[in-house]
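Shown next as structure tokens: one chain only, the form predicted on its own.
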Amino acid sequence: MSDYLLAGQAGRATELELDRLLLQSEVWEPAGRRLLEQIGADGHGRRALDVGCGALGWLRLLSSWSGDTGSVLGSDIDKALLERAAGVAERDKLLNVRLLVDDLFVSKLERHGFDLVHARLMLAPLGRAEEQLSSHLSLLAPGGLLALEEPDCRTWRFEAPAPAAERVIELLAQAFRTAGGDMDAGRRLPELLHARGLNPRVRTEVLQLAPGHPYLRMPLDMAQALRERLVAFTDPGELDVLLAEAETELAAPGRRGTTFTMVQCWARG
């Protein structure tokens, strides 16, 4: 199996990473809901798949979209993430949701078995875009919906400027590139789908982060998860100093920020 970036070592996600990914799902859940509303397709009785659902992903959204007569499958390579997702599903009584360990690059799931296939923030850390798209399309039923969400980091900024935190983001982008990923993968989504003969549509969202919002710390949390990769091209002592400076910047009273742009691209297969 491939060398997964960020909670991608199967079954080895740390508690910090579990919390980070659950927060990320909750932060972006309203954007996913708005995308489903814009798509406007009736999902009742349909079969939905959330690839790489992690600790939550679109499970709540798709559970509502599919309704009592539909079904939702959340897949991920990481057992610890699925255990966290199972806890959320039980708590929220998502009775039509089931979870399964699966590697998207060698998926064992039913071919053409799903009316909607969704994946979020999978191209950015993993790369291998053509393989990912081939996998998604092989699982999509004829005429089904493919919905992908990926970042464009040009809007990931802080007010007032936070040079240390922004340097951390630059280092994260370098780590993604080194591993074959791309933190700006959202920019390429339309052309990737066009190349497969699809007719994609696009919407974007940037979230404003108020002072004290936990998502302001996301660069620091990601840097902790990727520390072993960052020290491969950064002096460990200098990295510690940078992270401490970024911590101070982001904790400053009144600190605000904007997220990366979430590029949402969808098409019928």
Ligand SMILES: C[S@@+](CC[C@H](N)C(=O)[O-])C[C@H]1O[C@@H](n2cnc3c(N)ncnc32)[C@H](O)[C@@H]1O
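Since the model is a prediction, treat every value here as computed from it, not as a measurement. Counting begins at 1, following the sequence as shown.
Another form, the form predicted in complex with this ligand, is not on view; read the next lines as being about it.
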Heavy atom within 4.5 Å of this ligand in the predicted complex: which of A129, L171, I77, A86 fits that? Just give me the one. I77
With this ligand left out of view, which of L139, A175, M183, L104 would have a heavy atom within 4.5 Å of it in the predicted complex? L104
86-94, 116-124, 194-202, 160-168: which one contacts this ligand in the predicted complex at 4.5 Å, heavy atom to heavy atom? 116-124
L21 within 4.5 Å of this ligand in the predicted complex, heavy atoms: yes
Report yes if any heavy atom of L230 sits within 4.5 Å of a heavy atom of this ligand in the predicted complex; otherwise report no. no
Please determine whether V72 contacts this ligand in the predicted complex, using a 4.5 Å cut-off between heavy atoms. no
Determine whether any heavy atom of C53 comes within 4.5 Å of a heavy atom of this ligand in the predicted complex, and answer yes or no. yes
Using heavy atoms and a 4.5 Å cut-off, decide whether P151, L189 and T261 all contact this ligand in the predicted complex. no
